[in-house]
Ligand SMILES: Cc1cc2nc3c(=O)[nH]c(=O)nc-3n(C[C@H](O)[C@H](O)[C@H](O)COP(=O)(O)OP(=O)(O)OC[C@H]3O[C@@H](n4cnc5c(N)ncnc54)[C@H](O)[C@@H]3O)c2cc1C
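We begin with a single chain expressed as structure tokens, specifically the form predicted on its own.
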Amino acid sequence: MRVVIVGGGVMGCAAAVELAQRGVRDVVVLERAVAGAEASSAAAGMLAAQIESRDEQELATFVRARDAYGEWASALREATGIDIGHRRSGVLAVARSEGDLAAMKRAVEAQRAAGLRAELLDAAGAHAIEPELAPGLAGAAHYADEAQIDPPQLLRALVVAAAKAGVVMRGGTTVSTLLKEGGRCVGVGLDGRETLRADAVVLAAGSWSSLVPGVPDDLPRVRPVRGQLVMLEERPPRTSSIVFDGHAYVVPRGDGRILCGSTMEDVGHRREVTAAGVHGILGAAIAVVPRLAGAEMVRAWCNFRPSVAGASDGPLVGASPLPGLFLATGHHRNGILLAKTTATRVADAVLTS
């Protein structure tokens, strides 16, 4: 059986490893640039199941995905020697007003009723966990089981694991079309010159997924949402928890690096780091952790979240309306969180089709 995967980011590589580990001997990953050059390289790596979920079903799905990471991180470290930076750092979601705190109280109570660890804190309690928080906050919700990983390290581990499992990685390869015969996807055309036939094709091309020629018109469209991020460094590190303030977040890696983000911009595939974006990110980070004003700015960059446009909020995972074509895209803010569970679902779909 041959499986061709279009896209060499975390989704594509995770699916490749899963399929190879289940006995598929011919897995080919196609990447137009280099593995992990797109959304995988720009993610914050938050495994924030409790603060990202919007309803009970999503909460259950996200928590399972988050909790699966401990075993996955250990397995990848054993297989490759690479530490993906998995640690349970917890999240403090800060409240700036009593109204915000009242809304957080309802969320905390609902999650506690679901058997999850969540605690509502007043300002003193929040500062007891993170003394560097800004003064004047009304309080915070503390989610002690939320975690994080380092996405570039995860991608490196997956690439190594894939190579060791016999997966063929082809960089610098552009898919010019999906091949169709008899109402079924039977492979891909490459750069207009070569065809690569396959028993199954997995579309894992992130925010470029809908631009692959031959993708069925009845699939929800995947569009890019640009996110800019800033990396700071402080020594010694003074914060340990992820601090979340609406869409702004501060993610301390534990070694002095602090990732701050992020913008959400509907600008197409314009890969630009803007003055306004960096200004907004730094302003939000310093507002919640004032000491970061003295941290060194190391890097600013951007990339694109693959977001599903239309009635469905995505992601698109599993079998598609076109037999032989399978989906692993459209995860928006939660691609890293859902990487392992997506790989499992894709492999299940491919091997039972």
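It should be emphasised that the depicted structure is a prediction, and the values quoted were computed from it without experimental measurement. Residues carry their position along the shown sequence, with the first being 1.
The next section is about a form of this same protein that is not shown, the form predicted together with this ligand.
With respect to this ligand in the predicted complex, the three residues Ala44, Thr173 and Asn334 uniformly fall within 4.5 angstroms at the level of their nearest heavy atom. Judged by heavy atoms within 4.5 Å of this ligand in the predicted complex, the contact stretch among the candidates 99-107, 224-232, 82-90, 124-132 is 224-232.
For Val350, no non-hydrogen atom is located within 4.5 Å of this ligand in the predicted complex, even though that partner is not displayed. For the chain shown alone, Gly206 is a contact residue for this ligand in the predicted complex, at least one non-hydrogen atom being within 4.5 angstroms. In the predicted complex, Leu120 stays away from this ligand, with no heavy atom inside 4.5 Å. Residue contact check for Arg305: one or more of its heavy atoms lie within 4.5 Å of this ligand in the predicted complex. Annotation for 149-165: no interface residues with this ligand in the predicted complex [heavy atom within 4.5 Å].
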